[in-house]
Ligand SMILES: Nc1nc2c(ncn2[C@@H]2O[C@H](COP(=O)(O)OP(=O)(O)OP(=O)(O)O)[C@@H](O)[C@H]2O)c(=O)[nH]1
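What follows is one chain in structure tokens, specifically the form predicted on its own.
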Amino acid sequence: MGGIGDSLRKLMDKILRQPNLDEKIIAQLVNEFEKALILADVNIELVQRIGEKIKQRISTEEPPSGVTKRDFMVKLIYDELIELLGGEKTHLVWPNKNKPYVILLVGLQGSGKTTSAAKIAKFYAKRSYRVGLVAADTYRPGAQQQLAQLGDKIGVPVYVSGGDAITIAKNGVSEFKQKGVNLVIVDTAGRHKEEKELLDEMREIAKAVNPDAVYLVLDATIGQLAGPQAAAFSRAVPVGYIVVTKLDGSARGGGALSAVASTGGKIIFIGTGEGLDDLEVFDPPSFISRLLGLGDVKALAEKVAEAQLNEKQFEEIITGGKFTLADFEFYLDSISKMGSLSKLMTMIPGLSTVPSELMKNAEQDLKKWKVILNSFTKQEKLYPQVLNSSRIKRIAIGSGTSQEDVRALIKRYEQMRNQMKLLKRNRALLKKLAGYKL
């Protein structure tokens, strides 16, 4: 949610730079907060209630011991946004690996349901589940072939067959159960809430496969309409969990998340991109921390462990202190093993405020930077201040790049070093807000 994230991060920085918070400044800051939520398509009445609650609390409550009024206002915004999204709990389900568990996937046309089926399958397969996918969408041309191709990519078997959707779903689930698969995901045709025939088919499929859980896939770009859609599907089948897709660039994502949460829907996953790894467990505290520019050290720690990196060294680098070119090189090597640079940066307190254009360039230049760094001496990496024109010329020749490329790398390093100086402050604030510890 680039738009609302950018607005809220600027607001957080503005709050933390205030010398003091009087009534006039508080009203101005709350007004900016309300504008950011309205632009994200959150219901106006809800936004106004949240704004009034923040003003009332900041005026009447004493900040906790050791917390400034500025930090306290950030905490109030943090708390209210988490409440807006349904509270602090996550709803991740860990099926019992000793017996079959069936997930029925339903959703609107164009919501990204088939891709979400593969993403969810990969998520559980990476965690040692034996997963099977059933291609029961017989309405959209090529839907079964698409799921089969996605299954090949992630190494998960896909049941594809001719006939009607109900029979395919029933036979696919039965076959996978016989083969010892402990998690079966059934992909169904996209539909709209007005399409009685398709809704009836969805009910019949649910009866035929008797799912342990029904996941509803909703597109974040529909904004506040997500609430009524979730309610309509819930009346047709027992929707237990919701997957919100296309959150990576949706200006209306705030509306979708808050609308679904207001129905009591349990958001379990969010889709943050087109890649098959771009699926996250929906954890409101982590999500809001990143949105506010406070990072998400819990998710970052999981990424570090998953990539089998040197956790101690990585922690020392991202928690402040001296940041050399040697640290920069280790950091680049680490993130190349962990996935998207831009997404990882949102997890690091202080670095989530790096301009999006810088991140775009960084993704493109990452390989070139690593080649250039190989031509630096150990002394140059540890003491970048010794770099001069002749050294830069030598590095360019040694790496097969231009002097402009070397200077561009040094500039990016200096920008990141300056951002690292914010880590200590933002990490301390994050611990006050959420208690996470890397």
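Note that residue numbering begins at 1 and tracks the sequence as displayed. All figures in this text were calculated on a predicted structure; none of them were measured in a lab.
Not pictured, yet referred to below: the form predicted together with the ligand.
Contact with the ligand in the model of the complex, judged by any heavy atom within 4.5 Å, is made by just one of Ser258, Ser111, Ser286, Gln229: Ser111. Contact between Arg140 and the ligand in the model of the complex is found at the 4.5 Å heavy atom cutoff. Among heavy atoms of Ser262, none comes within 4.5 Å of the ligand in the model of the complex. The closest heavy atom approach of Asp248 to the ligand in the model of the complex falls within 4.5 Å.
Residue contact check for Glu274: one or more of its heavy atoms lie within 4.5 Å of the ligand in the model of the complex. Of the candidate stretches 126 to 134, 200 to 208, 174 to 182, 140 to 148, only 140 to 148 has residues with heavy atoms within 4.5 Å of the ligand in the model of the complex. Contacts of stretch 114 to 134 with the ligand in the model of the complex, defined by any heavy atom lying within 4.5 Å, are made by Thr114, Thr115, Lys119, listed in sequence order.
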